[in-house]
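Below you will find one chain, with nothing else, as structure tokens; this is the form predicted alone, and questions on how it binds or moves follow later.
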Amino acid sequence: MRRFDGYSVLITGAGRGIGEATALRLATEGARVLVTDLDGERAGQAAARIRESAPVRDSGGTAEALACDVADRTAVDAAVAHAVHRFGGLDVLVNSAHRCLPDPPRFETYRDEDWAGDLDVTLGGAFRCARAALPHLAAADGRGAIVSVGSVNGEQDFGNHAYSAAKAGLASLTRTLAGEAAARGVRVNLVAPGTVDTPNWADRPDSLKRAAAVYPLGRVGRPDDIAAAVAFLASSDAAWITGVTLPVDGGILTSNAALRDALRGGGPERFAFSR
């Protein structure tokens, strides 16, 4: 299936992990993808891997790379202009760039710059990219779409105060921008992943193993899981969908097993609801 033949796509934070998997998925379906990342060398390596993929070569898709700091308006505007110049327009924007610093031991020791930095990259970066891309997406003959990568952290408490606040803000921006952009033929949606096995977890394999045990579907996510959802929302298969947050989370938002078991008192015969 090649849903993106002739499409031009810009993806932020695409040097590895979910962003790279999404770039590969869309290129495999025929898209011309601009892989951007704060680390230009990493973006270049990812784009090369994508171009060398046999399914991408067979589909006619391709990938180019560009360094882009989404916290810098000039860099964002330049990246969008580069994509438009190279590909002749822009059909899809995928906001995957983010920043997530560990929480301090106590909330009152949070530094202003750490809080502001997570919000400026994760939420502010998506805002800057959408602002720069929207006029071009509106000129894309009804194909224009923005898909942002949020998080279950924006829906429930899983730690990381600043990152979670930024992801919740991104879900809100998705809804409000969808309302405005619809009249211009542009859809705006968000994917909210649960725990995904990306390079960010490379030094914490035991944490991933413990996390997998509490997911209803029995495993943590893979970057391909998220890429598939992004591809759906960016494609014409989702032509009548806008303003939604789609959890891709192995069921973690639907089930709190620890609370369920506590209420059951160790067995289903003890199950009771608090009213």
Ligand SMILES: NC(=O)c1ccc[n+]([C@@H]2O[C@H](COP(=O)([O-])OP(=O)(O)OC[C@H]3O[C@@H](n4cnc5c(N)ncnc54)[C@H](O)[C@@H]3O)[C@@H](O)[C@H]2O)c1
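In this text, residue numbers run from 1 along the sequence as written. Given the structure is predicted, the values throughout are model-derived calculations rather than measurements.
What follows is about the form predicted together with the ligand, which we do not show.
Using a 4.5 angstroms threshold between heavy atoms, residue 38 counts as touching the ligand in the predicted bound form. By the criterion of a heavy atom within 4.5 Å, residue 143 is excluded from the residues contacting the ligand in the predicted bound form. At least one heavy atom of residue 70 is located within 4.5 Å of the ligand in the predicted bound form. Contact check for residue 98: a non-hydrogen atom falls within 4.5 Å of the ligand in the predicted bound form. Proximity to the ligand in the predicted bound form, taken as a non-hydrogen atom within 4.5 angstroms, holds for one residue of 199, 159, 205, 135, which is 199. The three marked residues, 8, 44 and 89, fail to reach the ligand in the predicted bound form, with no heavy atom of any inside 4.5 Å. Contact with the ligand in the predicted bound form, defined as any heavy atom within 4.5 Å, is confined among 77 to 85, 181 to 189, 106 to 114, 160 to 168 to 160 to 168.
Residues of 141 to 176 that come within 4.5 Å of the ligand in the predicted bound form, judged by any heavy atom, are 149, 150, 151, 163, 167 in sequence order.
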